[in-house]
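The chain that follows stands alone, in the form predicted alone, written as structure tokens.
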């Protein structure tokens, strides 16, 4: 499903260069839920951005379902990303002036489909958000915002979910809703790569690994 081969990303600054990723290799199969833990600044977000086709690495390759992301033209990569990958972030990244329903439907703009509205309503029901569909993000609780973001990530029926600290702002009950959704997603054949400080991920993930100073210290295998 996801294959990173010797991926490196170097940032340059006034004090020199920093290897955010240093020859990272990782393989994730369909049906796997993988957790990545590490301290702040260890390269976890850079890893997700590179894995999701949002950040071109300086070296190495990233493949999803056998497709080399960075050999694609940008336009083709954007369409591929919209159809194959769902993103879930700690800060939700909801559009403030759109309703819950319209926020969930945003991914359908890249890949229009006749069943997008029906699919969005199914997800609203699944996450107990039907009575909030016409509300804006400012009218939602923190947990409701994350459930909206989760529904948005699932709208296009992706094969891979990339999650960046998705439980970091949530109480235990809402965090478990997110983690259980990821567990169900993998049972249906999808794959999840989640970076987190949440120690309870060990109860849900099939394996966890450590990322320290841009290097995978323990790949969990």
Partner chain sequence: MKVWHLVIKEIKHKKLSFSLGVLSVLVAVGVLVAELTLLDAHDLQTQYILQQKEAEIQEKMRVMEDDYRVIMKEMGFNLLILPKDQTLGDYYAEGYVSKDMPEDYVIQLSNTRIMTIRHLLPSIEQKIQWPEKGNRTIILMGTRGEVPFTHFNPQVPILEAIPPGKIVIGYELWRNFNIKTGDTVMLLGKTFDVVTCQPERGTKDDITVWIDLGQAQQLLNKQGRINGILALKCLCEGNDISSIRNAVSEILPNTQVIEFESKSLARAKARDRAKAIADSTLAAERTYRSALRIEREKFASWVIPVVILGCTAWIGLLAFGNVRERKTEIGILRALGLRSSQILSIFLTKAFGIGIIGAFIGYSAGYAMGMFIGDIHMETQMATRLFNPKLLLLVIATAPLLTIGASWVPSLMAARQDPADILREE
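Numbering follows the first chain given and starts at 1. Remember, predicted model here, so these are calculated numbers, not experimental data.
Separately, the form predicted together with its partner chain exists; it is not shown, and the next lines address it.
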Quiz item: Does residue 127 make contact with its partner chain in the model of the complex, using a 4.5 Å heavy atom cut-off?
Solution: no
Quiz item: Does its partner chain come within 4.5 Å of any heavy atom of residue 177 in the model of the complex?
Solution: no
Quiz item: If you check in the model of the complex, is residue 196 within 4.5 Å of its partner chain, heavy atoms only?
Solution: no
Practice problem: Give a yes/no on whether residue 145 approaches its partner chain to within 4.5 Å in the model of the complex, heavy atoms considered. | Solution: no
Quiz item: Taking 8, 19 and 201 as the candidate spot, are all three within 4.5 angstroms of its partner chain in the model of the complex by heavy atoms?
Solution: no
Quiz item: in the model of the complex, which residues of 49-77 put a heavy atom within 4.5 Å of its partner chain?
Solution: 49, 54, 55, 75
